[in-house]
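Here's a solo chain for you in structure tokens, the form predicted on its own.
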Amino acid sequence: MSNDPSTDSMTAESTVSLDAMNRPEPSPELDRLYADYARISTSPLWTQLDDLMPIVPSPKAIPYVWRWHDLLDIARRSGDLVPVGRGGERRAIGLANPGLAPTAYATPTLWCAIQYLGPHETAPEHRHAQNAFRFVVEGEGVWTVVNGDPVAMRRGDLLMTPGWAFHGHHNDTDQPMAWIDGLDVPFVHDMDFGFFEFGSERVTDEASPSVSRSERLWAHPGLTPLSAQDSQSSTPIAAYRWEFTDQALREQLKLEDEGHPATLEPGHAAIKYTNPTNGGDVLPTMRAEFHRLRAGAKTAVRHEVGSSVWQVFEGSGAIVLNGDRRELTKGDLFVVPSWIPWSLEAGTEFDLFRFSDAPIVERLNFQRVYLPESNRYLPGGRG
């Protein structure tokens, strides 16, 4: 026998029996080896390569639709039975993707909930590292108070709560109100970035102005105050009002009618809510958009890296998710996991709010959008 250890090692390797897939055949020695991997907290790559490095994204989250009438029903019943205040803090009901059980995550990066505030109720102030927003599909009469600034919440409005801003809500009316919350809770939780702090038992300003102080300073198209020229990671605008969103979408479709380039695709107007200090996204981890389709319009099928949650604001139509067509009406929500093919079909004029994890995806340079019908990748990605 050779005294060269490398020769002995090569001889040992050459006697290992392999199966048709070039994997070692079971043996007592192999069983001991795998037991020792576990004993010292290691794991061989070849047993998990397909899970860790799939050919294309293989999300655990599944495409799913939540019906608004179902969500309103459980929100109203929760309002009758579950108080709002210290302890639970918010009467918010998370949209739990069945593929991500037992978490209440909508996607691996996004959390979405219906929040319900009864007549003359107050949700006490707190703050957290997670970024948040509110979108109102119907109703009014609630003010969200963000860092002491009361902001009216009305139908079609997008209300911003950047991370670590104190915030609470108060309902000044005799009617309950429901809206959706969007947060980056899963991303912050799983990265161990989270902090939380209680604030006032009430809200710090119970006034109910029609326009917030932040809007008076910042919400003037194309104009920014010279007193605040530094770029900010989150938008300083507390509310993006529906009348401006509606007008922007309507003008895109009018320009298309006049033969000018304006829409994302034929019959499909879309806007992105932006941060006026730098032109970027309203929050560092989430993008917010609004889409309007003409009656009868259809979007191209697309695959996108990253996940998104949509809510129907007005009209009716359908979403095709991974080949499964689902009818949609006002208030319905659906989730599009990463790389799942999707397209929209409008029955009537079809308005939809969307939020996604696109800022995270793009900042890490993972963006990729593929259009299978034309077999092409959109510019700006890795395709």
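The numbering used is simple: start at 1 and walk along the sequence shown. Since this is a predicted model, take the numbers as computed values, not measurements.
Just so it is clear, the following notes concern the form predicted in complex with a further copy of the same chain, a form of the same protein that is not shown.
For the chain shown alone, G323 is not a contact residue for a further copy of the same chain in the predicted bound form, no non-hydrogen atom being within 4.5 angstroms. Contact between R32 and a further copy of the same chain in the predicted bound form is found at the 4.5 Å heavy atom cutoff. Using a 4.5 angstroms limit between non-hydrogen atoms, D157 is distant from a further copy of the same chain in the predicted bound form.
Looking at E327, you'd find every heavy atom of it more than 4.5 angstroms from a further copy of the same chain in the predicted bound form.
This chain is displayed without a further copy of the same chain, yet in the predicted bound form the stretch 123 to 131 from 138 to 146, 171 to 179, 292 to 300, 123 to 131 comes within 4.5 Å of it by heavy atoms.
In the predicted bound form, S338, W339 are the residues of 325 to 339 with at least one heavy atom within 4.5 Å of a further copy of the same chain, listed from first to last.
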